[in-house]
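A lone chain, given as structure tokens: the form predicted on its own.
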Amino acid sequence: MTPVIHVEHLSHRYGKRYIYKDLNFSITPGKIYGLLGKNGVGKTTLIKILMGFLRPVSGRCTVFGEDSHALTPAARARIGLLFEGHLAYEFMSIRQIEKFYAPFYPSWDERIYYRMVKKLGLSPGHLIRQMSCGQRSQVVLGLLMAQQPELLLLDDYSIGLDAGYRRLFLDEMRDYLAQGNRTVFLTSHVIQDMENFVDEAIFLERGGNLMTTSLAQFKTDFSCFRLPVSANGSTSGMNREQMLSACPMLKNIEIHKDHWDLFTFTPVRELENALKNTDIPGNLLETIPLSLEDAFIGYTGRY
């Protein structure tokens, strides 16, 4: 199956600081991909590269088989793009901006746009500059869904949206995806929205380390085990770096006053055996349930 997006040996930097080195991944049609990572890892930069707004230092990116820095108008018409911030032409009205956008997109469906903006309770002649940030976001998302693109690139769609309208937008995306062979590539700081929505997660870390997995598999395999810090020193006086070196199967450690939380993909029995080799009693481990947000923070780190 031909990938919708293909990234091969991508490297990019700002000045002397590399954002990525040798980044590689592909996105196949018909799935929802969540690009997850802390602020500053390069999520927005990656979307800019995919759309040809930035040229990488090296490597190649293709969208629908075309080089991202040379996308044809026909290819761009197949892409719905939302950048962080939900920018719109503020001097236009609700009706005017719909009429302006429609000719650029062959699959334009004005019914979707007006169904979404109707929730605002504003007249079609209402000017965008007279709206709140959240209302403008709703107009932009209505324009986006009316395009009915084959690929949706959403850079933090949740900015400015209250919980109710975020839920409405997710419902609209489900209807959009039900039409078949459509793909969504999104980032969001509202991790809980992704729990029952995203198919595949792409975890991006500083420096360009990347892991791709199904979200269901990540939730099943990634665990937290709590290790108490007792009066006799159940951590054997080890610091965080020493523990990570001694137990390389640990992805992250959070240190608290009376306990350590150990995050890993390793089953508890294997972790217990590894801890025994460091003179730490692994039988003291307690399994801690994780929400998706807990697991995300455990994987990427708090800071």
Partner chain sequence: MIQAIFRKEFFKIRGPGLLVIAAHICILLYLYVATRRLFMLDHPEVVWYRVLHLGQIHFGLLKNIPLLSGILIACFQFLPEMWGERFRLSLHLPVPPGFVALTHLLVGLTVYCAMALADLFGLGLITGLFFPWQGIKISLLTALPWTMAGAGAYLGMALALLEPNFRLKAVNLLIGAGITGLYLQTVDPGAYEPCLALLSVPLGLMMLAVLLPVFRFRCRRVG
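Bear in mind the structure is a predicted one, so any value in this text is a computation, not a measurement. Positions refer to the first chain, counted from 1.
The protein also exists as the form predicted in complex with the partner chain; that form is not presented, and the subsequent description refers to it.
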Counting only heavy atoms and a 4.5 Å cutoff, which of 204 to 212, 100 to 108, 168 to 176, 218 to 226 contacts the partner chain in the predicted bound form?
100 to 108
Identify which of V268, L244, A274, L54 has a heavy atom within 4.5 Å of the partner chain in the predicted bound form; exactly one of them does.
L54
The partner chain is absent from this chain, but in the predicted bound form, do T183, I191 and F197 each have a non-hydrogen atom within 4.5 Å of it?
no
The partner chain contact at R115 in the predicted bound form, heavy atom, 4.5 Å
no
So, P73 and the partner chain: in the predicted bound form, are they within 4.5 Å at any heavy atom pair?
yes
Closest heavy atom of R13 to the partner chain in the predicted bound form, within 4.5 Å or not?
yes
Any of the heavy atoms of E90 lying within 4.5 Å of the partner chain in the predicted bound form?
yes
